[in-house]
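For reference, the chain that follows is the form predicted on its own, supplied as structure tokens.
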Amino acid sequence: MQTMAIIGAQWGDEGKGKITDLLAEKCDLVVRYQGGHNAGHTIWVNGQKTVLHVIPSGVLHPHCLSVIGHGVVLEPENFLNELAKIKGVTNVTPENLKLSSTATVITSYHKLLDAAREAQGPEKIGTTGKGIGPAYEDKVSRRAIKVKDLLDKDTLVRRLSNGYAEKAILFKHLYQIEIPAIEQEVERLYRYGESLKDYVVDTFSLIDDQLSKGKRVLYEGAQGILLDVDYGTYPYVTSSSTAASGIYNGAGIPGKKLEEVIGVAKAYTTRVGEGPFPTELFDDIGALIQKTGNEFGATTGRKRRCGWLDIPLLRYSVKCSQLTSIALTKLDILSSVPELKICYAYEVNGKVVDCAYPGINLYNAKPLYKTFKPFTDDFTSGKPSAELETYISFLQESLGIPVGIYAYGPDRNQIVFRQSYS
């Protein structure tokens, strides 16, 4: 197997980082293909915690080449700060970390605009306020600053001037905010460009070369399929293509196809911010899962909403990204609950619906539950109990793909492979 992808199958926060970290041991490249520093991937190795935001989760493996693809939006100051922190954990150099020259840059204007909109807009999306959405807007409108532009001051002035007058009017008359002058922003960005230039390459040709040499490539997604700008629960989504299609848009897989697409899913469901959530729990069980699972965002610290596992949503994710297997995480959290349910379908307008297609209004979806005997595994025997096996088997049968991995804790040694990914 030469190509593999790890994608969130829910609304993000599924535990993709630790699965990527583990599988990176068998790969030569780990490629991040979308999103920005609004993502947070937490990895535990021998009790030591590492939180990554834009640097790929393969960085903890010295043999692995970590690549930030052109579909990522990069805030230079954040990137350099994250780089400094990770250098205290592992040896990171321009030889094992590469940054796409055509990745879009998040400027001061993008962050100011993001925060102003969320504070004053009538409809709250739940954005992190880090400038992700406005940066993607400039990319689509062909006004974006690219990483390579930071390396030439004249180009940077020209590109930054494109649209500045419009932004200045918008900020002054709508949001009553003064924004940095172009000269100030140019100097700031150019200074950061000098610091990151050694990492900058054409990542598409790099991936092409590595694949042609038979190297194994692992593509790492951020957020989850249900937050995809096209496939997700719009408008409560992120601004990038989080599904498997984003790999082709945001990194490239020259001359190859994806052989394995692993959808990472919690054994229950969580969501941060606004938007529909059919299986959300508002009782003591939901509070217990939230507390025991430490359900707070790695990037924002925001409390995550919790609910039962949702098969219709997962069926939709399987179809969106042609998932070939599931990595099921946080099973240990459910071993503490006194009751256990899975939503197997919805009732919508008097009809039973088993897949959460976009045409369904999820606010009107009444979840239909199957109740399971709770499992109380401590996971020390290496073999799941009959109750846990029943839970996993029902998920496999419902989705038509195997649960190839399950995790019962945050560390590398708390992950079990049920199938080979060699």
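The numbering used is simple: start at 1 and walk along the sequence shown. Keep in mind it's a predicted model, so treat the numbers as computed, not measured.
Just so you know, the form predicted in complex with ligand GDP exists too; it's not on screen, but the next bit is about it.
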query: 4.5 Å heavy atom contact, Asp21 to ligand GDP in the predicted complex; finding: no
query: Touches ligand GDP in the predicted complex: Ala407 (any heavy atom, 4.5 Å); finding: yes
query: Distance check, Asp332 to ligand GDP in the predicted complex, heavy atom within 4.5 Å; finding: yes
query: 4.5 Å heavy atom contact, Arg315 to ligand GDP in the predicted complex; finding: no
query: Answer range among 171-179, 105-113, 323-331, 208-216 for contact with ligand GDP, defined in the predicted complex as heavy atoms within 4.5 Å; finding: 323-331
query: Of Tyr369, Trp44, Phe394, Phe372, the one that lies within 4.5 Å of ligand GDP in the predicted complex (heavy atoms); finding: Trp44
query: Within 1-20, the residues that have a heavy atom no more than 4.5 Å from ligand GDP in the predicted complex; finding: Asp13, Glu14, Gly15, Lys16, Gly17, Lys18
